[in-house]
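Next up is one chain by itself, shown in structure tokens, the form predicted alone.
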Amino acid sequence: MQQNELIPHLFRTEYSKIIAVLCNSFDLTHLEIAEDIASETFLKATEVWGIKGVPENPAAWLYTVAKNKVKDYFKHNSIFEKKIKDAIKSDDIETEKCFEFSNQNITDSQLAMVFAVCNPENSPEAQISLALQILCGFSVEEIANAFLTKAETIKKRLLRARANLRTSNFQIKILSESEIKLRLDTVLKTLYLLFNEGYFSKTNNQLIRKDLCSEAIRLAFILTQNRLTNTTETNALLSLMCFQSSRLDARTSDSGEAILFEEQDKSLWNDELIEKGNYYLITACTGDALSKYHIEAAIAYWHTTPTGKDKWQHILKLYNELILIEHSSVIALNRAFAFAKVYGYQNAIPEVEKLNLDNKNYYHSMLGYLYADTDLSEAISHYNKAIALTKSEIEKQTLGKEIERLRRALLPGI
């Protein structure tokens, strides 16, 4: 991996870990300090690696620099000297111990951090937005896309949430069983949105971001290892992630363009992840709970099974159940796709058009796909609208090639 690719990759995977360990060693009132130290660490990496080259273990190098910067902070920062140092015994300060970046400490810190941020004193939307920014490194635009809302709304939400952290007595601390249960739903939603951004990125010039998917799976797996968080909903979410991840390598071409489900090379599907998806789905079905994660995992299961005459009927039935639990434009369009597979593309067009999502690129992409068999001009028109509305260069390229294919079919010889 080239340096210009490595540092952004490490920023995505290690930045939040550094912040979590620093905050777990103190409390959330030091959030901005932890973020500054993490940012300075990556800035130094950019400068030093550009001159001396990438070290043998880049992540370990980052952790060492972060630890040294923390020591410098405690040594030179006057606020610490005046307001904190006098309040505690000097022999209680064990910088090396507090800031040990072991795998276990990173894991413990990340989980402690996400549960601390998901505090019910903030609204659920604010909790998730803050967790996505701090723990997942999401930009404002990425969070806005996750919530299908405006960036300005997210900016205001984050400002209010951060103000609460500064003015309230929030700390990373051991939570009671009731507090963990109260916050778990929000934690799961955060991981769900983290995975979704990796599975279908709307903001970067790449359709799939495997590092995000892997991080979401890692954190969800950790939750299944704890008695208090190993719920049927957690297992259902992990099952969904495994099923979806099993098809990642088949979803894009070598040039990064999207490949439709029916055109995917099934030999590229990961059988091990499918087996894990089956395992966690079975585990998730041991209780009476039925969450959106259960239904979405079941839908993903049917996508990984061999094609059968009743396959899409099962998927459509599940979407009918899902849309009653959580209605969204994305779910409605996915349901319309399943409807098309069962009742025909022509019959699915009214199902999509009644959603009236004229300002959404995926609405026009779906209509372009459905019209492609019956009205080439209409299909091209919708694909052009989708191109105008999307920010993804990869999606624009994919849709552009489809338009060219339809034009050649419309005007043979061109």
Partner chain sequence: MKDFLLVFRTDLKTIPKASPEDMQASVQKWMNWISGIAAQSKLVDRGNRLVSTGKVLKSDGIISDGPYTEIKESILGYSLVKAESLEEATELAKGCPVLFIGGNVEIREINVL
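Residue numbers count along the first chain shown, from 1. What you see is a predicted model; the values in this text were computed from it and never measured.
Just so it is clear, the following notes concern the form predicted together with its partner chain, a form of the same protein that is not shown.
- In the model of the complex, no residue of the candidate spot (Tyr280, Ala284 and Thr286) has a heavy atom lying within 4.5 Å of its partner chain.
- Figure note: of the listed segments 379-387, 59-67, 354-362, 32-40, the one touching its partner chain in the model of the complex, with heavy atoms no more than 4.5 Å away, is 354-362.
- At a distance threshold of 4.5 angstroms between non-hydrogen atoms, Ile222 is out of contact with its partner chain in the model of the complex.
- At a distance threshold of 4.5 angstroms between non-hydrogen atoms, His327 is in contact with its partner chain in the model of the complex.
- Heavy atoms of Phe339 reach within 4.5 Å of its partner chain in the model of the complex, making it an interface residue.
- Using a 4.5 angstroms threshold between heavy atoms, Lys155 stays clear of its partner chain in the model of the complex.
- Tyr343 is the sole member of Phe147, Phe261, Tyr343, Phe74 with a non-hydrogen atom within 4.5 Å of its partner chain in the model of the complex.
- Distance criterion of 4.5 Å from any heavy atom to its partner chain in the model of the complex singles out Leu316 from the list Ala126, Leu316, Ala112, Leu165.
- Contact residues in stretch 315-337 (any heavy atom within 4.5 Å of its partner chain, taken in the model of the complex) are Leu316, Lys317, Asn320, Glu321, Ile323, Leu324, His327, Ala332, Arg335.
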